[in-house]
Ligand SMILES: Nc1ncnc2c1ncn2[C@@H]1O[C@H](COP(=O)(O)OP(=O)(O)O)[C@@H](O)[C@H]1O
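The chain below stands alone, shown as structure tokens; this is the form predicted alone.
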């Protein structure tokens, strides 16, 4: 069974359908790049998987557990258990400005009450080393560059040992120089076989790191293909038009 199974996902904001019967699967260790123009439903899809958006119909199954089945949500305790398997990194860093970098990492794990204070510090320090920010543990986010703040956000998302990482345009707020720092960290996660779904406009990352491309348009999945097929010869007109602009 796939690690993630999505069937017939539907979501509307008023009269606007933003997800229309979306279905796909993600296997353990997959790196899935979700591409498409702004407004195509990519971010709403990602937020639906981690229960930040309430969907109107369909099923979401994570590691054999149903978050929602045929439009009916699981009990709240089960939802918390399922969503705890996923870490999410947003466009904006969402760090607590009054806390140090280390405290930002420790906060979600303290809330979950899964580690002792000494274990929290040890794990936070290990993750800061992983993202190359050991020397920034005791500074406030305002003293960091955008790229550094996003790497802190990635480390924070890893504190609860997720089996799945979701990235929603993690480099869109960064200038090109800082984008490389964040993509390098994401590449490292991919090399460690972390299951990842990445909404991105970074075509190089999608081509070189992902093993599956999902292209969305107007709330629907228009095309799913391996990167070498999608970038060499997209089958659908909307995908070809998107690539011609994105790669220009």
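Remember, it's a predicted structure, so these values are computed and weren't measured experimentally. Residue numbers count along the first chain shown, from 1.
In what follows, reference is made to the form predicted in complex with the named molecule, a form of this protein that is not presented.
Although the partner is absent here, residue 37 lies within 4.5 Å of the named molecule in the predicted complex, judged by heavy atoms. Although the partner is absent here, residue 179 lies well away from the named molecule in the predicted complex, with no heavy atom inside 4.5 Å. At a distance threshold of 4.5 angstroms between non-hydrogen atoms, residue 16 is in contact with the named molecule in the predicted complex. Among heavy atoms of residue 44, some come within 4.5 Å of the named molecule in the predicted complex. Only one segment in the set 21-29, 222-230, 8-16, 236-244 has any non-hydrogen atom within 4.5 angstroms of the named molecule in the predicted complex, and it is 8-16.
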